[in-house]
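First, one chain by itself in structure tokens, the form predicted alone.
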């Protein structure tokens, strides 16, 4: 084993490099800046490009341009920046531009507290685009997840030609932990598919059972049309309702129909437990401690840690909760993901523990809800 001590931000950057990312653009913002710093150190020796944009909007715009030219790209920001990214996230969805976006969340609203963590952007990451079409959002718990989910994020972005967001948190991002990168079973890197030579190319045509279109880079020998407006398979703007409906349905179904394939999670189910803790992100560490403690005391509770937040892994949650009567949802906000759990588990008692004051939720707080509610 060859352990290295690194923070979550560095692990995300190294996962991006291992995935073939060769372009990064960002604007310095606490607590995401050390992703930028790491990419600035790693990319140039590999022939990659690392840019500081004049602001967040320009930064993600640079990434989309580089992605359309054929590069694997990533950007990173925090709450104020993710708000500014919104228009370009919509562009990436509608024009099927692969990009990995890291949101290292801090306490909001607005500029909030730059040095305090929270999970206050969870709903925004899903719904912060015009049109409301689905995106993929992954949530790491620790430094190992930061690396492994970065690998998964790039593969998903390339396969489905969509933005994939990583919902990190200041506490995960800036905490130093041991990681053995060489020990990871790395998935094979997925690349965008090009059409067969001589085959007619339509930039938004997804035929032969494919959910995402073939890709050719802008600036190559074949002209590639790109637009942020509603369009048909040929890339020309259209107002034809049937054409628009076909594209919209495909953009929705290509993500939702495959959701079970990337419902990453950690489950610790206990026989006889009538309560399950459901959580994500850094709060999972406190939940693990409570799970271990209650099992030792002979009062077992089950535990489900979600590492895919969007699309909601509904089938997974129903399956893991089938034998419990009560689900305790714990998250570092005032109640964002709990609404999804109430929606898909209407037959269960759902209790909520949350706070958004810059402090971590402790094992003691979780224990009190489990015992006294």
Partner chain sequence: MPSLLNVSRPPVFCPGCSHERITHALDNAFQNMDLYEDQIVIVTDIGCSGLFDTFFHTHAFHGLHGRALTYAAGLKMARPELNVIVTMGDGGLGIGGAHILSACRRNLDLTLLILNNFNFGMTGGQFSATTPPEAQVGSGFLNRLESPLDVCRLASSAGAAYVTRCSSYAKNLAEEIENAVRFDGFSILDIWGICPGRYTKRNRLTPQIIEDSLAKLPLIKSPKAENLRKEYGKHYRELSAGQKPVPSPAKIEATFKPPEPGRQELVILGSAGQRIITAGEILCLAGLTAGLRVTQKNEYNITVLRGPSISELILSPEEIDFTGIVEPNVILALSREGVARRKHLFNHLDNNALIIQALKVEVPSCNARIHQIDFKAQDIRPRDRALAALSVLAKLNKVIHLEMLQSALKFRFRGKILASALDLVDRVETAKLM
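Residue numbers count along the first chain shown, from 1. Treat the numbers as computed from the prediction; the structure is a model and nothing was measured.
Another form exists, predicted together with its partner chain; not displayed. Remarks below refer to it.
In the model of the complex, residue 171 approaches its partner chain with a heavy atom inside 4.5 Å.
In the model of the complex, no heavy atom of residue 319 sits within 4.5 Å of its partner chain. By the criterion of a heavy atom within 4.5 Å, residue 52 is counted among the residues contacting its partner chain in the model of the complex. At least one heavy atom of residue 227 is located within 4.5 Å of its partner chain in the model of the complex. By the 4.5 Å heavy atom rule, the three marked residues 41, 182 and 289 all count as contacting its partner chain in the model of the complex.
Here the chain stands by itself, but in the model of the complex one stretch of 337-345, 322-330, 308-316, 58-66, 58-66, has heavy atoms within 4.5 Å of its partner chain. For the candidate set 195, 187, 217, 233, a heavy atom within 4.5 Å of its partner chain in the model of the complex is found for exactly one residue, namely 217. With the partner omitted here, the residue from 210, 246, 116, 265 that has a non-hydrogen atom within 4.5 angstroms of its partner chain in the model of the complex is 116. Annotation for 14-48: interface residues with its partner chain in the model of the complex are 14, 23, 41, 42, 44, 45, 48 [heavy atom within 4.5 Å].
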